[in-house]
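A single chain comes next, written as structure tokens; it is the form predicted on its own.
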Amino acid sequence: MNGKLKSTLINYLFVLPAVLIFAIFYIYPFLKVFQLSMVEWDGILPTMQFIGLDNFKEIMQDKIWWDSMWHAGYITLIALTFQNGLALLLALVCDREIKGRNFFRVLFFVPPILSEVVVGLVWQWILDGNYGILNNLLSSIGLHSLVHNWLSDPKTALTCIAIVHSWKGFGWGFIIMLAGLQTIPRQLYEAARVDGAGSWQMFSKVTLPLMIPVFSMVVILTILGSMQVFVLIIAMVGQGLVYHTTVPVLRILGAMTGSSRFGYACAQGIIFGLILIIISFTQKKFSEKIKQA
């Protein structure tokens, strides 16, 4: 065995553990899910009935599934605007030389590291229609007309969940955006200030163009995280059997545990995964075009 071949085999040997882990925990499960999506199976009996693409055809006509996609899209829209807007505003503030900025950096990162179950239960208590803190506060200041069953009303439940999700998640965007802001050379701002640029001009002409890659990453992470939210919903309103708060992951979980249709659940998972991939790829291409413009 010559030296070059031996060196190549050694290199492959170092990579082999990572390849095996990836194959066992990613490739094999994906192939298994795709296989199960073609059958009708209750998850218990060893017998499986091959039905081809019938599960996928059923998804196309499943109104509850597509409504759950709309619910997840609504939560994502709130997160993209309110959550990331708040994260950017706070990142811009903490990027300045202000007193106690290190304290605020730590404070703003506390919500993301809290347990979703704990956060959901606390906010359920705050928003409870009978003894919640919010309703008690509204009553104490004379706003009795605003007292509401926030998590029981279909008109407000999803919005409350979206706001709580955004509150819990803004810290991630805050940290990433703050890190991006700190990579911008301060000389650029000084040069712009010498040329007579105001705060808005410096933001739009210096900060915004240089932060496009960071914004793109935050947007993709926000979409992926918000579309897959479900633990928070379970903690706040239950396991998605409440129709107006059902999201795709809860719909998939319901197909597996409620209806015992593992094949249909796997088909839903594949469709959901493809949708997320398409959204992420489209966002990436869109960001690249903006950066090149």
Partner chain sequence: MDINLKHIIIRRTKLSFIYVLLSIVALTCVFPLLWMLGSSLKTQSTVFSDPSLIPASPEWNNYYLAWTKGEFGVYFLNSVFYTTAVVFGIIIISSLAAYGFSRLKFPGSNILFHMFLAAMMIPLPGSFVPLYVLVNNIRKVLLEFLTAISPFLIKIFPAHFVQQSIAFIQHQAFPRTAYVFCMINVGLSLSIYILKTFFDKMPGALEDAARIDGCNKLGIWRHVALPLARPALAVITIFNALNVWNEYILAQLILSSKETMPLQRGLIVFQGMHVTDYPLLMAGMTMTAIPIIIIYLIFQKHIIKGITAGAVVG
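The structure presented is a predicted model; accordingly, all values stated were derived computationally and were not measured. In this text, rigid core is short for the largest set of C-alphas that superpose within 1.5 Å between two forms. Numbering follows the first chain given and starts at 1.
The same protein has a further form, the form predicted together with its partner chain, not shown here; the description that follows concerns it.
So which of 189 to 197, 136 to 144, 115 to 123, 68 to 76 is the stretch with heavy atoms within 4.5 Å of its partner chain in the model of the complex?
Result of the contact check: 115 to 123.
Please identify the residue among I163, L80, L86, V206 with any heavy atom within 4.5 Å of its partner chain in the model of the complex.
Only one listed residue qualifies here, and that residue is L86.
Considering non-hydrogen atoms and a 4.5 Å limit, does its partner chain approach I252 in the model of the complex?
I252: yes, in contact with its partner chain in the model of the complex.
Are any of the heavy atoms in F30 no more than 4.5 Å from a heavy atom of its partner chain in the model of the complex?
Yes, F30 lies within 4.5 Å of its partner chain in the model of the complex.
Contact between L158 and its partner chain in the model of the complex at 4.5 Å, heavy atoms?
Taking the distances in the model of the complex, the answer for L158 is no, it never comes within 4.5 Å of its partner chain.
At the 4.5 Å heavy atom threshold, is M202 in contact with its partner chain in the model of the complex?
M202 lies outside the contact set for its partner chain.
Can you list, in sequence order, the residues from 66 to 103 that come within 4.5 Å of its partner chain in the model of the complex, counting heavy atoms only?
Stretch hits, in order: L86, L89, L90, V93, R96, I98, K99, R101.
So, does N136 move by 2 Å or more at the CA between this form and the one not shown, with the core held fixed?
Superposed on the core, N136 moves its C-alpha 2 Å or more between this form and the one not shown.
Using a superposition on the rigid core, decide whether the Cα position of P17 changes by 2 angstroms or more between this form and the one not shown.
The answer is yes; the displacement is at least 2 Å.
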